[in-house]
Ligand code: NAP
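Quick setup: one chain, the form predicted on its own, written in structure tokens, and binding and motion questions come after.
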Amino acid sequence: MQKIILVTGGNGYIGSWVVRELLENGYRVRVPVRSLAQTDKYKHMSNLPGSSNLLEFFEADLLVDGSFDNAAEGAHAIIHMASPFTLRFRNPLTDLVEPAVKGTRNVLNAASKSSTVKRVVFTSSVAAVHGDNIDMHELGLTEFTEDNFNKTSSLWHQPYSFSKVEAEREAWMIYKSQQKWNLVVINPALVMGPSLAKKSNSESLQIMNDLLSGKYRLGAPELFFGFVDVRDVAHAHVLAMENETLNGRFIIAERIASIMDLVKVINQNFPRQFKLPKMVAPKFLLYLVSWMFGLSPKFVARNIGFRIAYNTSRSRRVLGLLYTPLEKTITDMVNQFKSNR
């Protein structure tokens, strides 16, 4: 029998690539959506190879108890990716933390109720590994590893990161309370690369749009991120699902780079085509204009100018992941932006 995989958030930026790979590998895939009537949210998936006979949609809501029970019954594994990824919100508790934590609880409880689920792959983030870039220096570390958990974010400072670490802690707590299924956690850095949907509200796509549209043309903040290709993140989830001997966390990042490093790649491949920044914005100036970019003075103080490092050896050695070079990731992403204009 073909194995059935339930993928929450399967119609999203990363999830669509996960579903595509699963379908290509011959799995039957179930994707919960909030409303079957809102076909614009998932119609792009009808173009995926195998979708006509291997892909099924369910209605489910992260905040409704028992909402995922029917979709989980009969599934061999669950890949739980559905969680808010936005830096634009009104209330951090109701817009970020509650959907992330309650959604995790509902989906993993559905796994426990199911008579068939044996494995859960949970999408977390490096935001659950650390909060601010300065954390690494304050902890006396030379790099972050899977042993590190974010202890500096809160509901009012870095609330998105707080939602990720709270949701992951919930996942580990539920896992330890049962013996039906095992758990692997994927902790990606900032995910970039092309989208399978023409329209997406992914924050990753918004970041690239801001950069290409000239939002930072007067100067880019000296921010350092881990970057990883969306296709590599999707592949990591499939590898983690298929290898049932794996456990624990996996930091997923191809390299550390700054915003100006991205600018260099874009300039080399698309010279004089976009209003890109030509310099790094002085930190003192960012304190004055941080509100224009949705940044708090505390964020500026604890992140601007501070380098970070991730140990990704476990993802390469244990998971067997081969990374796409950042140059290809960014080039493919920009080419898609150009074709969608």
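When you see a residue number, it is the position in the sequence shown, counting from 1. Keep in mind it's a predicted model, so treat the numbers as computed, not measured.
In what follows, reference is made to the form predicted together with the ligand, a form of this protein that is not presented.
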query: Output flag, L6, R28 and G50 jointly within 4.5 Å of the ligand in the model of the complex, heavy atom basis; finding: no
query: Non-hydrogen atom contact N150 with the ligand in the model of the complex at 4.5 angstroms; finding: no
query: Heavy atom of R314 within 4.5 Å of the ligand in the model of the complex; finding: no
query: Contact label in the model of the complex: N11 to the ligand, heavy atom within 4.5 Å; finding: yes
query: Proximity of M81 to the ligand in the model of the complex, heavy atoms at 4.5 Å; finding: yes
query: Listed residue (Y160, F225, Y216, F270) with a non-hydrogen atom within 4.5 angstroms of the ligand in the model of the complex; finding: Y160
query: Single option in Q178, T116, T145, S200 placed near the ligand in the model of the complex, where near means a heavy atom within 4.5 Å; finding: S200
query: Proximity to the ligand in the model of the complex (heavy atom, within 4.5 Å), stretch among 160 to 168, 208 to 216, 133 to 141, 257 to 265; finding: 160 to 168
query: Within 4.5 Å of the ligand in the model of the complex: residues from 187 to 222 (heavy atom criterion); finding: P188, A189, L190, V191, S200, N201, S202, S204
